[in-house]
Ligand code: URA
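Next up: a single chain in structure tokens, the form predicted on its own.
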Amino acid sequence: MRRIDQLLANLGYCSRRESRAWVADGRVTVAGVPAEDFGQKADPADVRVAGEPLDHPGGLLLLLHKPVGLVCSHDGREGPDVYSLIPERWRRRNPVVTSIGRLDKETSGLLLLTDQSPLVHRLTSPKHKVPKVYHATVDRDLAPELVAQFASGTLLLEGEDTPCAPAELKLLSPREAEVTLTEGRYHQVRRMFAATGATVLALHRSRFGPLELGDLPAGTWRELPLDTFGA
């Protein structure tokens, strides 16, 4: 049971102050009956706004195909962001919708968005070792020996003292490769190739855990069940 004003504000419908007018105007019902007061407590499943059920009162989990050119930050000073791609109401939710891990501005591909902070912590925690698959195009031919080097768990990134965890490298062509990681350090794929003398020209994430982009167009998203990754 939650207060109506808090519920509407947290789900991005309006401010708590504005909810008073919504209730006074009869726009909000509880179990088919106009709400008595903005402070009334109700089960979210029983609440309707203008006759419609509440928008994802239990939380959001989205799979987004991130295009190049957008950042995963809420700081407007960093430029256009991925949150501009989702409905405005979802951008006003509290807790805020955020990304599970990040893709840098020049990286495209699979990105998960959610307002469920426990899920963010679980899927970004190194101990859970969630595999993530990237397709990289680099500026020089890749030596076959790199497959063993990536898998060895000894590759050291510039400025770090702890080597990367073992990663799977598949060479797709002389200058293209697929990399599977189970950790998520800052700009890790780019820095791993840089440690071997190569510069990444294009980077795309195609898989996160059991999820794949499939034919989802860039800039679009689809909803996922909140239990996609288990309870």
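The structure displayed is predicted, hence computed values, not measured ones. Residues carry their position along the shown sequence, with the first being 1.
Just so it is clear, the following notes concern the form predicted in complex with this ligand, a form of the same protein that is not shown.
Visitor: Using a 4.5 Å heavy atom cut-off, state whether residue 107 contacts this ligand in the predicted complex.
Guide: Although this ligand is absent here, residue 107 would touch it in the predicted complex, with heavy atoms inside 4.5 Å.
Visitor: Can any non-hydrogen atom of residue 102 be found within 4.5 angstroms of this ligand in the predicted complex?
Guide: Within the cut-off, so yes.
Visitor: Is there a heavy atom of residue 188 lying 4.5 Å or less from a heavy atom of this ligand in the predicted complex?
Guide: Residue 188: yes, in contact with this ligand in the predicted complex.
Visitor: With a cut-off of 4.5 Å between heavy atoms, is residue 203 one of the residues that contacts this ligand in the predicted complex?
Guide: Within the cut-off, so yes.
Visitor: In terms of non-hydrogen atoms within 4.5 angstroms, which of the given stretches 55 to 63, 167 to 175, 31 to 39, 189 to 197 touches this ligand in the predicted complex?
Guide: Answer to the contact question: 189 to 197.
Visitor: For the stretch 129 to 161, which residues lie within 4.5 Å of this ligand in the predicted complex by non-hydrogen atom distance?
Guide: The stretch touches the partner through 134 alone.
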